[in-house]
Structure formats: C-alpha cells, structure tokens
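So this one's two forms of a single chain, laid out as structure tokens and tagged structure 1 and structure 2.
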Structure 1
C-alpha cells in the first residue's frame, strides 16, 4: 500500500488529480451519519484486476486461434469468477450505515480518536472493510457481523488549538478477490475542540486578589482557625501545608484561613509571563487544570474576554474553550 502511494505521488498527473478530488469532496454533504448506496459507492479494477483482464484476453485469443475448447472453458470460468467477485465486492460496502460518535475535546499535541460505528442489516457478514482518513495510509480493518455492528477507531492529530472540523474519511474494501477496489467518501459534520497544550512544569498559582467590597473584613478574622485549603504558594509556612493530602494525592496544598478567603484567584493573561502568546496560553491552561484539581474557585482574564470566578467541571470547560478560541 505504501509503495502504491509513493507511485501515485510521483505521477505527473497527481496535482491535477488532487485538485479534482478537493473539488469533488467540497460537493459532498456534511453529515455525521451516512448510508452507503449505489449513488455514493464507487468501484474500479485494481492493478491485479487489470492484469487478470489482460491474461483473460490472451487466453481468449489463443483459444480462438488454436480452437482449444479447454482454453474457452478456462477463460470463461475465470471471467465468471471475476464478475462474481465484482458483484460481491460492491455488495460488501453497499447498504452499510456509518455513524460518527461525537469526539471529545483534546489538548494540542495529542491524537484525537474518532469512533465510527458500522451497522449492517444483511443476514450475512461483511468482511475486509477498512477505514482511514482521506489521503493517509493508516487503515483500520474490521468485519461487520450479520445483522450487527462493528466499531472502528481512527485517529488524527490537529496541528493547532481551536475548533477543527473532522477531516474526510474513506471506507474501502477489496474483498473477496482483490481484483476490484470499492470505496466511498464521507465528510462528517462534527467538530473537535482542541485546547492549548498545558505547560509541563508551570510556576505556582499566582496570589489571590482582594475581593471587591471585602477589604475591611479581613483583619477582623484573627482567631487562628483554618477552614478550607488552597494551592501551595511560594512563601507559605510549612506549618500550613496539609501533608496528609500531599502523601495521598502528591499535590502541595495549604490551609486557608478566613482572612485569605477574602481573596479571589484570577488567572490573568497579562501575568502569565512575557513569552509568546501560545506559551502564555499554555501556562494558563496548566493553571486552570491545577486550580480545578485543587478545588479552587478562579476567574480567567483574556484579551477582550473575562470569565467570572467559579468552580466545577462546567467552569473548567468554559475556561479551556476560551483559551482554545482566544
């Protein structure tokens, strides 16, 4: 397969063929489900198929010239097998239902796994069906049982953060003889949210900012009682560190007093270092994950956008999406 792809790339007509394919694909409708019919399933002979056709032509000419009855028998027997193989190959794909499971959001630098379900209402199994991203050679092969379904996983790696459309997928089979290639094109409508790649070793969380309207209440709380925890900050006394939580989860957290609870944690783009935009977003992404893991409420400030302090999975997802689309 890789050798065939290399030959295709060396073909002088490859650029024109690629442009035609892009034009053809742009005319395909976007849908997360697709039923394969005669209108969207294509078939052509493979290289072995063309070789078989040439062999049959030679056998036929020789049989006519020398009046060989066994030659006629062999020629038409092989031609009949090839014709049956063509019908079986086309029927292997025709009638299958393809469904794309909505992909989960991913972080940049990781592969997004697409889950495709193949369902068949036929009473006989369908064998040798492969799926791959269009234009790649990473095929995943499966058999679809009779009156059943099969699941195939196809992976692709988005190059950048943001909202990406799922690339086109192709399904193919050469079952049973390999003399015909049957395939289809499919453009899913789903999109994948790609968050920035978290910084591997981010600095500690920034100190909290005083809450508006609560500056006068902090000094009144001096009983020495602690309630709640927060992420460890550089300079915290060791007596405030919750060592039991560190031994259990491996995270350094400090006890939080009512006075310090008068502060709110803001993750600010302007305070995320002086590196490039992508590195700042990477640090903010790591801080968002760290703050959520510690159970802290936090807000997010980005150029042109601000998310009020909050907590929980929904708040974390909202902040990560804002970082992805910033």
Structure 2
C-alpha cells in the first residue's frame, strides 16, 4: 500500500490528474437530493474486468487452436454474461434517489455520521451499493429493497471548526460480477456547523462579574434572605455553602440569594488562558457546555462580538455557533 502511494507520488501525471479532478468536482451541481440517471452515473471496467477480458481472449485462442466449437460456445456465453453484467451493474445505480438528511451540528475532532437515504422505485432489490466520502476508502455497503429505501450512515470527521459544506460523496457498486465499477459523484448542498473542540480538562468556570449598572452590589450579600440553593461557584463565601447537603450528597451547594443573581457569568475570550486562539476557543467551548450543564446563565464575549447573558438550548447553540464562526 505504501509502495503504491509512493508510486502515485512519483507519477508525473498525478498533479494534473488531481487538478482535473478538482475542476471536475467543482463543476458538479450542489443538491441535497440527487437522482442518478444516465447522465451522472459512470462506468468503467475494473482490474478483474480486464482479467476477465484476458481470460476470454485465452479461451477464444484455445477454441480456435483446438477447433473446439464447444469452447466457442463457452467463450461467447461468458462474454454475453459479462455484457449483461455491465448493464445490470449500471442499472443497479441508475434510478436511485439519494437524499441527505440534514446533518446536525457537531464538535471538531469528533466523528459523526452523515445520514443518506437511498430510495428505489424499481421492482427488484438493488444489491451491493457502497457509499463513501469522496477520496476516502471507508465504504458503507447496503442493499436497497424493491420499491423501498435504505438508510446509510457515512462517517464524517471534520477537523476544523466553522461552517463546512458536507463533503462530496461517492456511491459505487460492483454488483453483479465485479468486472465493472459503476459510480457517481454527489456534492450535497447542505452545510454542517462544526463547533470548536471542547477542551478535555478545562479549568473551572470564571467567577461571576457584578451586573453592570446594578445598584448596591456590595452590601446586599448579607441580607440573609435566600431564595433557594444552587451549585457551588468559585468565589462563593463559605457561609453560603449548605454543609448539611455536602455531608449527605458529597456535592457543594450554595444558598442562592437575590444578591448573587446580581452577578453574571461572562465567558470572555480575553480571560480564556493565554494560549493560541484555537485553544482559547476550545476552552470557551468547554465552559459553555459546562455552564449549560449547570443551568447557569452566561454571556459570551468574543473579539468583535458579544452575546448577552442568557440560558437554554437556543442560547447555547448561538454561543457555540459564534465560537465556531469566530
């Protein structure tokens, strides 16, 4: 395998070929559904196909040389089967409708799946159809039942954050004889949002900041009225900790008072460590997840963007998208 790739690299035509392929792929229309027709299904013989051709030639020469009429029959029947096999192979892909199920947003570095639905209006099942991302070799094989549909999951692992177009997908079949490869290219129009990779072991959340413009911030803490309890937050005074709860359940819980709500958690790009931009974003991402898990309201400050404090799934998604697109 390594040898083969080395060979490929040495091939003087390889760059031109790669450029041609890029140009070719960029010409493909973007669509989330694709009907495979005569126009976008390609077919070429495979290496075993050439082997079969060579076998047929040898059979023919042997038949001629030994004057075997039965040999001619065998050769021609095999050739006929191979020709029919070509049509069967092409018909296996032709007429399939490919539909991409809109992909969910995800985190960089994690592997996820693209869900593709293949539906067939043919009255016989279609066998041995493989799907893979263009340029990879991880095939997922499926059969499409007669007058039905099949769902295929293609693994997809985006490396960087941002809004990515779903990579080009190729479908292929070698059914029935393996002598022909029938394939198609498909560039789905859908885009997938990729959030930064959350840091594995992030430091604890930053302390809350006093709500800007809030009156009487300093003394309100000692009013002694409590609304309820909430998860311990760094910086909470020890007297607010409900020690009884800690003794029972082993988790730190603070008494919540209206005063504490005067504090707002801001996740700030500037305070997310001093490492590179990506690492900061990755920490912010981890914090966003953590804060959301704890049910805290939080705001996000990014260079050139600020998201007002809030909570809930929609808020979280907004924040993560902001991180992704930052």
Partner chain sequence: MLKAPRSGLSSSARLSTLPREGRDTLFLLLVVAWVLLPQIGNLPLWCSLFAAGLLLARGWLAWTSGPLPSRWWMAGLLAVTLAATWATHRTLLGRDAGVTLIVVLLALKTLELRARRDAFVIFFLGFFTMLTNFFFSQSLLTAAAMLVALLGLLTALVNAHMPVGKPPLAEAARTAGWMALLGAPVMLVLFMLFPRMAPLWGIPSDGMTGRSGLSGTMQVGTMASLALDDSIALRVRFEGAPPPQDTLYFRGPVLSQFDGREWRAQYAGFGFENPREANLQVSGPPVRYEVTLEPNNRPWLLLLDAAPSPPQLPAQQTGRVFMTPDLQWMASRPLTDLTRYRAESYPDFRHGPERQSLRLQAYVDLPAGFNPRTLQLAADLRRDPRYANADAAAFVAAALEKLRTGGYSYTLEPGVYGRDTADVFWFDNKAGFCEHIASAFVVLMRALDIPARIVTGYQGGDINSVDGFWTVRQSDAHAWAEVWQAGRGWVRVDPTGAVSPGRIGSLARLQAPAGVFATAIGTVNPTLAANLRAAWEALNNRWNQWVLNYTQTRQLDLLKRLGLDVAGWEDLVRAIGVLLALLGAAGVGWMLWERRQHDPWLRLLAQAQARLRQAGVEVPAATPPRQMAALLARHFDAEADDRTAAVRDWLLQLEAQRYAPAASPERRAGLARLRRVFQQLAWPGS
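Each form is matched to the other, and the largest set of C-alpha atoms that superpose within 1.5 Å is called the rigid core. Residue numbers count along the first chain shown, from 1. Bear in mind that the values here come from a model prediction, so they are computed numbers and not experimental data.
Displayed copy of the chain that is the form predicted on its own: Form predicted on its own: structure 1.
Core-aligned C-alpha movement of residue 293 between structure 1 and structure 2, 2 Å or more: Shift of 2 Å or more: no.
Shift of residue 248 between structure 1 and structure 2 at or above 2 Å (CA, core fit): For residue 248, whose C-alpha is compared between structure 1 and structure 2 after core superposition, the shift is 2 Å or more.
Residue 16 C-alpha moves between structure 1 and structure 2 by 2 Å or more, core aligned: Shift of 2 Å or more: yes.
Rigid core fit between structure 1 and structure 2: Cα deviation of residue 68 in angstrom: Residue shift at the C-alpha: 3.5 Å.
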